[in-house]
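Next up: just one chain, as structure tokens, the form predicted alone.
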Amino acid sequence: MRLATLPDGSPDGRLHIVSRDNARCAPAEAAQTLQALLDDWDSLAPALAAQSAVLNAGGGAPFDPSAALAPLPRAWQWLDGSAYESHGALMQKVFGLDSTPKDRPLMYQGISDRFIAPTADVPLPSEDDGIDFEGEFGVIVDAVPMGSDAARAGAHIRLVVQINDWSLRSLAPVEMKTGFGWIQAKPACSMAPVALTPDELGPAWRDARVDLPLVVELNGARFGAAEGYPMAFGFDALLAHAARTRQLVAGTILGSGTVSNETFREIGSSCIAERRGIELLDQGEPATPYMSFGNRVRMECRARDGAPLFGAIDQQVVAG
């Protein structure tokens, strides 16, 4: 089934079922909010799946993705990995970073008190901060027990989402050198309007990965179309890593990190920093500027036949 959250004046919005063509919707009858559904998934999901089947047969009201909030407007926890080795290797080479162990995922914990709506303007304090986007896939889980292995953790993946993890690149090196963690370099993330149960992806949900391209456009021009499958660690393994010493609360969102492929010179990138890194290696200096106020980024993943899935993130950066 497909789920979206529409505004109702409350911080968490009103949960809706969305039809398979993303054209129609209806208020979810079994749960008011997505968090309420995740808190009691096993009990509530069957009724919502039945409602989804009825909606797919016809009826409902028109669904306007541009009016939607993030599917989970605020979450108990946001964890972001860096699961694409091609992106990590390039960043290490460009910035002179130490190589990381291949048997241990990279992951940080970011702010989760808000996820920006998919078409809302994104206010940020300064163009001098190196404003960048990062196109990612993500999953939302119900409660994952501490110590779960990959198979057990993966069984708790309830929804798949598409994310823009905003980054402020000028601030990142300063914070990295402290040896602690991100604060200023990582503002709130954005999320595409529709969350999917993994079965909605069909064969494109493979090995706990999204086997589809993420198309990114910057100011109306194609920027990249990297494939989602080549993760060094699937979402199941990332969740197991996160759950080694803690239970993951229902509503935890976990990101893949910037979607990237080894053929980035041919297919493009999902963030500006990667493009600048390629330019530095190939030309001796970066040429692509970071975003300015008024710039717009759009990213969307569709099925191989062009059918809609998550809907689009389409946002303008503005002065905060």
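Just so we're clear, the structure is a prediction, and the values are computed from it rather than from any experiment. Numbers for residues come from their place in the sequence shown, where the first is 1.
From this point on, the text means the form predicted in complex with a further copy of the same chain, which you will not see here.
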item: Complete contact of S82, G181 and A242 with a further copy of the same chain in the predicted bound form (any heavy atom, 4.5 Å); value: yes
item: Selected contact from L168, L201, A232, L90, since only one has a non-hydrogen atom within 4.5 angstroms of a further copy of the same chain in the predicted bound form; value: L168
item: a further copy of the same chain: the contacting residue among S148, T119, S112, T197 in the predicted bound form [heavy atom, 4.5 Å]; value: S112
item: 4.5 Å heavy atom contact, R246 and a further copy of the same chain in the predicted bound form; value: yes
item: Partner proximity in the predicted bound form: A75 to a further copy of the same chain, non-hydrogen atom cutoff 4.5 Å; value: yes
item: Contact flag, A155 vs a further copy of the same chain in the predicted bound form, heavy atom cut 4.5 Å; value: no
item: Any non-hydrogen atom of K186 within 4.5 angstroms of a further copy of the same chain in the predicted bound form; value: yes
item: Candidate stretches 155-163, 122-130, 214-222, 201-209 - the one whose heavy atoms come within 4.5 Å of a further copy of the same chain in the predicted bound form; value: 122-130
item: Heavy atom within 4.5 Å of a further copy of the same chain in the predicted bound form - qualifying residues of 150-177; value: L168, L171, V174, E175, M176, K177
